[in-house]
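Next comes just one chain, in structure tokens: the form predicted alone.
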Amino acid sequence: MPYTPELKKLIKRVEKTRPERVERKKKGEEFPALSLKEREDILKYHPDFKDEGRSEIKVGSSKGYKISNEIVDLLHAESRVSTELLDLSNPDYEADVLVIGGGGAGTSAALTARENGAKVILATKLRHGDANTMMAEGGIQAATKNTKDSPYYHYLDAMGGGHFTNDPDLVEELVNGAPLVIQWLEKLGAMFSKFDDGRLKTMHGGGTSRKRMHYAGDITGAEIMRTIRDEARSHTDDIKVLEFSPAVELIINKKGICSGAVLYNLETEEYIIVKAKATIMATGGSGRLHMQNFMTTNHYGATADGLIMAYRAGVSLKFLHTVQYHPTGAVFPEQSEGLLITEKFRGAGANIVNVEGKQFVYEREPRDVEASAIIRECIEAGKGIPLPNGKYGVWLDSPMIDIIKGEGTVRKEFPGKWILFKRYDIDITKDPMLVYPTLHYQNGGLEINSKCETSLPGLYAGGEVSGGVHGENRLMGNSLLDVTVFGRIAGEAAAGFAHNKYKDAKLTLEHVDKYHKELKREGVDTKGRVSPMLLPDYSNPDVRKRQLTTQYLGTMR
């Protein structure tokens, strides 16, 4: 759907102010950044600061912790499996290391576990590579240039972006591992954008003090996922991939060691037992829970499964009270609603402007601050752009980029978005895009240390399912870095545990029964709720009301 005549009329206001804004940009004159006090004040508009969006967990190791209602509902639910029906004595598969999750963290972990001599099973909910990593666009941060940058500055930026709440040990691992990860990815065949002389191109992201974001056009995540997925699939003797097979419960043996998981085959509806000497949780985030009814950039399977399974097994949660809303999600046309519009557009010079065509915020504030400023402009200031569906957005003035950097830059640097909007008869080299904050990233998750160990022996975690490295707010380019750095650490550590520390014993699901008893003891009403969710339900509510049969009756459900 192209822009309506009403929106076309409003674009004229953007075009009227654009020459002056471009001129300022060319002179290096930026819209004033907010002071720390001003940032603190504006964050009250962020969804994380709404008390009605959170509730307390009533059971488990993080009892009393207030997090999103949608995740608490899943923690306050019963398991999908009846433990007495499962026979754990005869596993369907055995491996040194079981990796749960087929995205960037899981695949990096599988590769490194293999490099350290482990036989690996990688179980994934959908196809191998269907994950948020594949959908990441902007880039990956790493201090690879010796002249004006170093891991020291990267560390300070990451800590500042997280409001200095981050786990410093995890941040240290992240920034020191970054240059090595870029080297590793290039060696495997990843094609980052480069100058003609072979030097890697880098640019700024929000909250960064140096240009250290490496990218591959606007499909950086897809390029990284393509590279590591192809590598993993070339080692069929050592890495077995089980697709459409999400995990539904962890298995713990009688010696208290995590020893694999129960999988559910989405095609045959069978339960599968995988016994492993070490297990890596890499299930990603929870955007498809649509906290506070926000649209999301996340892939279809991002439903917090890993959080639920590990929490039932006794692993604590950390920083899960914060959720990242990316400032610029597409909000028009409706077919693309929620789609990520990479921060790289703002890094390349595009302003964010209101209905009057005026800039109201520095475009490279940290993401939580930027998102709050947009929400305030639309809701309190009343200067959002009204959309045909009754919602509001602001303009992201992408045509500025070609004017500043030369004609053809948008098509060359943002080919994915240019093609997408062209399908709707919108040329983003000529007209701005309409954006609004969209649910993007789970800042917190399972508590880990710098070796990716959880409190459960034999269970490791890496990537978005874990919490601590980003504190209360992640900077752009640190998520693709997180999945690769900590995925690799988890793979190496898990292989070491499998070879040197694992102790065999009878497999059990006693922790699931114990969790159910605690729910009952605390008076939690679980009626109608089971978890992990596995897949979101977007079916018509009116139709659902009339679907009364949930189990087999005769030969049909």
Ligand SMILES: Cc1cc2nc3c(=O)[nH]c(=O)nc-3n(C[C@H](O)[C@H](O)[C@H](O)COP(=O)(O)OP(=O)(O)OC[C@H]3O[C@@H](n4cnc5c(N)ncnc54)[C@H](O)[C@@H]3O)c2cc1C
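Keep in mind that what you see is a predicted model, and the values were worked out from it rather than measured. Note that residue numbering follows the sequence shown and begins at 1.
Just so you know, the form predicted together with the ligand exists too; it's not on screen, but the next bit is about it.
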item	value
Contact check for E137, G284 and G463 against the ligand in the predicted complex, heavy atom at 4.5 Å	yes
L340, heavy atom within 4.5 angstroms of the ligand in the predicted complex	yes
4.5 angstroms heavy atom contact with the ligand in the predicted complex for D130	yes
4.5 Å heavy atom contact, P246 to the ligand in the predicted complex	yes
The ligand contact in the predicted complex: M476, any heavy atom under 4.5 Å	yes
Option from 310 to 318, 69 to 77, 97 to 105, 180 to 188 whose residues, in the predicted complex, bring a heavy atom within 4.5 Å of the ligand	97 to 105
Single option in Y436, F486, Y441, F345 placed near the ligand in the predicted complex, where near means a heavy atom within 4.5 Å	Y441
The unique member of K275, R114, H299, R229 whose heavy atoms fall within 4.5 Å of the ligand in the predicted complex	H299
